[in-house]
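Take a look at this single chain in structure tokens; it is the form predicted alone.
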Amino acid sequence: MRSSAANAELALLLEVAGTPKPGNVDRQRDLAELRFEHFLAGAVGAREGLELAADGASVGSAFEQAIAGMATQEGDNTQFGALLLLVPLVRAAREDLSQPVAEAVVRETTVGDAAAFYRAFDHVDVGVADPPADMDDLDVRRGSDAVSAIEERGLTLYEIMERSVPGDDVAREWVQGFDRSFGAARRLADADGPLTDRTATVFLSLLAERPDTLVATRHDEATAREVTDRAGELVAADALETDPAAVEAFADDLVERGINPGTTADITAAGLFIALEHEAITV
């Protein structure tokens, strides 16, 4: 039986192996400076931090270690958002991987966890929106330079996530009980076919239901809505079964335009981990 840390690493590997995942790196598509092998190496590099979470370390310290390990590959940021979901889920799995327990884990985070979260930004370049005017000193892009402001304000990591909604759907998962992540796990269990195909199916269904916040941040809300609408049309037509070429064309178009629905991929990875832990899917 695999450990929770091993299942989390496997979830990262399965997520990037699924194809087609429009706009994202998968086993058939690379981006300009981010390749499939970078994601494989990032997943392996994150293992030590995931093991810390499984052993009961604080969420912040485990996350910081996971990011430091992930960042040792040449592609820089491969799975930052996915790990921000996976680390508390792995920590919850020590007791019971349920929504109430996962929610309790993140609500119990501390100022120290928030400081560790900010230090993680020293290792990678993460695409984030500008902070509100009253949070300039808390801009995560400042990394460890913002820790003194975090400590002065006494903000926990959960409170930082609360302040990041609605612009960041990874943060939204933290404050809404990982609702979409657990929903993705159920979809993966209900889907048919090889697990990499199920991953692509669930990714497209998640993309169709809600605009990706990373796309909105890097482009704009209109672009994010356009991508979701196009995904919705493909899902409604069951295009992965009836017209796979249309989904492949959509995937190629997003890559060519530099549109990367990375938040949707993060939630897909979290769903894979939950389904693996619950033995709802097997490999």
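The first residue of the shown sequence is 1; numbering continues from there. As the structure is a computational prediction, the values presented were derived from the model and not from experiment.
Below, we turn to the form predicted in complex with a further copy of the same chain, even though it does not appear here.
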query: Touches a further copy of the same chain in the model of the complex: Gln99 (any heavy atom, 4.5 Å); finding: no
query: Contact label in the model of the complex: Ala280 to a further copy of the same chain, heavy atom within 4.5 Å; finding: no
query: Any non-hydrogen atom of Asp253 within 4.5 angstroms of a further copy of the same chain in the model of the complex; finding: no
query: Interface membership of Glu226, a further copy of the same chain in the model of the complex, 4.5 Å heavy atom rule; finding: no
query: Interface residue in the model of the complex among Leu195, Ala115, Leu138, Val175, criterion: non-hydrogen atom within 4.5 angstroms of a further copy of the same chain; finding: Leu195
query: Heavy atom within 4.5 Å of a further copy of the same chain in the model of the complex - the one residue of His219, Arg35, Arg257, Arg230 that qualifies; finding: Arg35
query: Interface stretch in the model of the complex with a further copy of the same chain - options 71-79, 100-108, 180-188, 118-126, non-hydrogen atom within 4.5 Å; finding: 71-79
query: Full three-residue contact with a further copy of the same chain in the model of the complex, heavy atom 4.5 Å, for Ala146, Leu155 and Glu159; finding: no
query: Residues of stretch 1-38 in contact with a further copy of the same chain in the model of the complex (4.5 Å, non-hydrogen atom); finding: Met1, Arg2, Ala6, Glu9, Leu10, Leu13, Leu14, Ala17, Asp26, Arg27, Gln28, Arg29, Asp30, Arg35, Phe36, Glu37, His38
